[in-house]
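One chain comes next, on its own, written as structure tokens: the form predicted alone.
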Amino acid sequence: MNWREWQARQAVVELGDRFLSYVDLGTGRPVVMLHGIPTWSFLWSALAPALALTHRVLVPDLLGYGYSDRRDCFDRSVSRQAEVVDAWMDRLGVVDAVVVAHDVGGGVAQHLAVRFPRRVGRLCLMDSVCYDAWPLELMLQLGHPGAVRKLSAEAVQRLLKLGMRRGGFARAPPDGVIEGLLAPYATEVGKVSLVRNAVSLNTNHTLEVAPRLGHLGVPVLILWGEDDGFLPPKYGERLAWDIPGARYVKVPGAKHFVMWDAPHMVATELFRFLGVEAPAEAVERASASLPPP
């Protein structure tokens, strides 16, 4: 589905004076999928419907991202995002979820698993921020105090599209995917919110929980693009070393956006991790996102 169709499926929940937008698909054991920067829940638009054939899949826009609350003057750090996700899951009555997370969402998921362990029954990290491996140079530039004044929304879009095409994908994604991933940030309001998100990126928040990863007592799957130039595979290997019993899978021929570069393999590994046989329809649905070679 395109990003407009995905957005049309979103529901909204109020959390105090803020609100979170999210997609809720399927029934069964809950799976929560968290995106990173500079994306939004549309990142999972191919995998989520596939997983929803056997599970309830909940896919939020993090606070300040996508079509969640983008007003100014609030904490957007990964630590605070974990608290917001915890509150959102509480409102929905969700505990013991399978949490699948990518990029900055992986940092949020690490906090969630360490600080709110009853929310996380299983954890899958895909090309996740961790330790002091981030933020990327492009995000540092975007988070510069002068970025809001100096860069137009159009200029930010051009920079992000160039960076994503060069380093994010091993092959050209289907038409409209990159534009859809960046759609919420194409306006001036969206641009300002994205800059605020970039400002909030702080390695202290992942370094803070790193010593506690060794105490995780849930099954953990780590999927990593073999050719990820943004977050090299050595960080996935380190996570697998530090987390007891974690299973590490390097995805050949994939870069940072592994769910788009290798949807068939990622879907198959996720169903295996969920402990159910992958329905043929699910794998076909996920693989339908793959463009011809």
Partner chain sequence: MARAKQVSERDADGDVERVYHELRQVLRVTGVDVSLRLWAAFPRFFASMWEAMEPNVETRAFEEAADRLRDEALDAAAEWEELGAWDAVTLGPSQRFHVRGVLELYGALQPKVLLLASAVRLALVAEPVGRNAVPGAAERVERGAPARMAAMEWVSERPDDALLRSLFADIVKTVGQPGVPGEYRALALWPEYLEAAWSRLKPRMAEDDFVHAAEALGRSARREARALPYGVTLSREWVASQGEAAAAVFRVTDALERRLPMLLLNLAQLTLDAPEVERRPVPAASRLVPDWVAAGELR
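Model, not experiment: these values are computed from the prediction. Numbering follows the first chain given and starts at 1.
Missing here is the form predicted together with its partner chain; even so, the following discussion is about that form.
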**Message:** in the model of the complex, is there a heavy atom of its partner chain that lies within 4.5 Å of any heavy atom of H102, even though the partner is absent here?
**Reply:** no
Does its partner chain get within 4.5 angstroms of any non-hydrogen atom of E281 in the model of the complex? no
Q. With a 4.5 Å heavy atom cut-off, would you call L151 a contact of its partner chain in the model of the complex?
A. yes
So in the model of the complex, is its partner chain close enough to T187 to count as touching (4.5 Å, heavy atoms)? yes
The one residue among R71, R212, R118, R171 placing a heavy atom within 4.5 Å of its partner chain in the model of the complex is R71
Among 203-211, 118-126, 132-140, 151-159, the stretch whose residues bring a heavy atom within 4.5 Å of its partner chain in the model of the complex is 151-159
Checked 169-183 against its partner chain in the model of the complex; residues with a heavy atom within 4.5 Å, sequence order, are none
